[in-house]
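This document starts with one chain, in the form predicted alone, laid out as structure tokens.
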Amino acid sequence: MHHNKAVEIKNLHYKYPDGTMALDDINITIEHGESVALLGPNGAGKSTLILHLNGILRGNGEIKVFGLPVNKHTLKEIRRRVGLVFQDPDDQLFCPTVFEDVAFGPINMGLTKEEISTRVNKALASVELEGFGKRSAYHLSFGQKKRVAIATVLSMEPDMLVLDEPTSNLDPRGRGKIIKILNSLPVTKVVVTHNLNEAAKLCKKAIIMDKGRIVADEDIEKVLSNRPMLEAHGLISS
């Protein structure tokens, strides 16, 4: 199974309903276990791209995730294997208790009660929220909500985590905690972020997007040491 790449995208194009080209000939390969930062100014196409990784959006081109082509027949399996964590945890948390939120995916997978419980407890432990199952997400801090949102995806035991701005709106302590948690997870990771410092702490590789195109795809040190390029694409102020 593992000879397949985690992600292979060839000649992907996507137009918004108004005709704007949001993704313009995207070609990307991500290896198993790689951690990749997806960088770029607002409107570069980053969120549009990650929504293609689990089939929420479907453009023209070829997308394979763990060797599976993304199509209506593979969607269920792909959505189990690719955990998408949205920027706003309120988009992901909707049950009366944290336990139910984290159990939602495993319940839909048809697992037994015991297995569901095991997975929920394991997922909460891995985001440092043991014992939070009976609480309501409504009463948690924003940082805790972010971590529960990650747990809702981890309970499905995905092979890849795709995170949109995982530490936005957090204070330094909350940011540090999320970075530590993400670094402890041995899965392929794609992290959309504006924060170059955070990208360097989380990722080994960086892909820079601007106006729907890929303008860089290489080791993060190389990308971060190229100030003119970072300035040109709105990642640092000139």
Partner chain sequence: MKHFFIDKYSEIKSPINDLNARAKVIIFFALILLCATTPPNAFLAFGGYYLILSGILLVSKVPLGFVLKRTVVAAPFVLMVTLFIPFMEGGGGSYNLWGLTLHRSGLIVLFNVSVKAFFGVAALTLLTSATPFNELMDGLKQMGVPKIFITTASFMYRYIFVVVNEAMRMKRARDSRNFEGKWIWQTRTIGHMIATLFLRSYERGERIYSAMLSRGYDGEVKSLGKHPIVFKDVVFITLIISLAALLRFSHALTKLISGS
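A quick note: this is a predicted structure, and the numbers were derived from the prediction, not measured. Residue numbers count along the first chain shown, from 1.
One more form of this protein, predicted in complex with the partner chain, exists but is not displayed; see below.
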{"property": "Within 4.5 Å of the partner chain in the predicted complex, all of Asn11, Lys15 and Glu31 (non-hydrogen atom)", "result": "no"}
{"property": "Close approach of Pro158 to the partner chain in the predicted complex, 4.5 Å, heavy atom", "result": "no"}
{"property": "Touches the partner chain in the predicted complex: Leu84 (any heavy atom, 4.5 Å)", "result": "yes"}
{"property": "Exercise: Lys134 in contact with the partner chain in the predicted complex, heavy atom 4.5 Å", "result": "yes"}
{"property": "Touches the partner chain in the predicted complex: Asn54 (any heavy atom, 4.5 Å)", "result": "yes"}
{"property": "Members of 130-153 lying within 4.5 angstroms of the partner chain, judged by heavy atom, in the predicted complex", "result": "Lys134, Ser136, Ala137, Tyr138, His139, Thr152, Val153"}
